[in-house]
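Below you will find one chain, with nothing else, as structure tokens; this is the form predicted alone, and questions on how it binds or moves follow later.
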Amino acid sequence: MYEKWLADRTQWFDASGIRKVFDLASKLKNPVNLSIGQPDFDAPDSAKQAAIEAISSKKNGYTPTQGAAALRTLLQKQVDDQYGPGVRETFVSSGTSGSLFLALMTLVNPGDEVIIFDPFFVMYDALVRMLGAKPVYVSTYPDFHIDVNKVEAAITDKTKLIILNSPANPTGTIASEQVCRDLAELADRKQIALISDEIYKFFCYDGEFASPAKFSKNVIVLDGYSKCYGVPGWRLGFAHGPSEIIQQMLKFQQYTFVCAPSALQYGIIAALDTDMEPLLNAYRRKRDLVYDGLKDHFEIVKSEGAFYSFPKAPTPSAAEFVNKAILERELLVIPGNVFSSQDSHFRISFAASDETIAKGVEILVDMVKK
């Protein structure tokens, strides 16, 4: 009976493959978990205390749709200092995923084409399909770096949007300043939109972060506080871009999320003064633990940012290799076909303790040897 009630869009994409791994993991007693895409450090004490005080002082109602005035003022100043006053408008969203949804709702019509770099964050593909549009994949294999010539070749008269994620989930690669410039100029020349998902920009290990927004006022930037301050459950993101686009995104936020969680916005204000550099150094070391432990046994590109590595499986099917790791060795990693049209790689999250990383590396190396 219920099949008659369901909207057609429920059939346009499947449940996340990540969720399937988590469901399988729930049956394990002592899993070695290198699958979770969230930091393993907690929120700064100052942020937690400020959030508690905000709750206690009755800051529990709605904020303006664009965010609490105190936080949005700080955010707008940061963006003005970086890009110049009056160039880009900001607002606080209900998570970076929330602002991604709002941006796609604002920009994409059914039948449009959206260019996505393969491998990709799972939500890009699903949301594009949810809106009745077509994802167009531009491969970045084998080194996961973007060839802008391939992007230009993929553009048709139906192309509406390009989505860039740098540093990237699941590969950990970072787009160079030249690539960011070339993408921004290509988008402007072809008069198509460019979204830059910058949620992992704090996690850059070997060089400087670059944003295409530096080269075009038209780029829509999505960012947030979840990863860098260890608060993914707080659901606090932000976006900035041309006022004409941001105002339409705010209209959709008003009728969906209403506003970001109110009291937690005051917690983030306190977090902004926290020195997170020691944690960045710790994650650089975790990156090295994974790379140095696997490089002699796996085909692996050294992660430049985020907290993921994306090695090639030693078997024809990465999904089969991952299932074997889970079922026989209780090691949780994510098969690459969750993030890609290919079933050749798998994702490791090194947002875990050094002990857990060492155990996971030992299991993977042992599986290859056997």
Ligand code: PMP
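Computed from a predicted structure; not experimentally measured. Quick note: we count residues from 1 along the sequence shown, nothing fancier.
Note that the form predicted in complex with the named molecule isn't included here; everything after this is about it.
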{"item": "Partner contact for K227 in the predicted complex: the named molecule, 4.5 angstroms, heavy atom", "value": "yes"}
{"item": "Contact flag, F117 vs the named molecule in the predicted complex, heavy atom cut 4.5 Å", "value": "no"}
{"item": "Partner contact for R235 in the predicted complex: the named molecule, 4.5 angstroms, heavy atom", "value": "yes"}
{"item": "Contact of T171 with the named molecule in the predicted complex (heavy atom, 4.5 Å)", "value": "no"}
{"item": "The named molecule: the contacting residue among Y124, F144, F101, F91 in the predicted complex [heavy atom, 4.5 Å]", "value": "Y124"}
{"item": "Contact residue in the predicted complex, from N165, T140, T159, Q253 (heavy atom within 4.5 Å of the named molecule)", "value": "N165"}
{"item": "Proximity to the named molecule in the predicted complex (heavy atom, within 4.5 Å), stretch among 146-154, 127-135, 227-235, 265-273", "value": "227-235"}
{"item": "Residues in 190-215 close to the named molecule in the predicted complex, defined by a heavy atom within 4.5 Å, in order", "value": "D197, I199, Y200"}
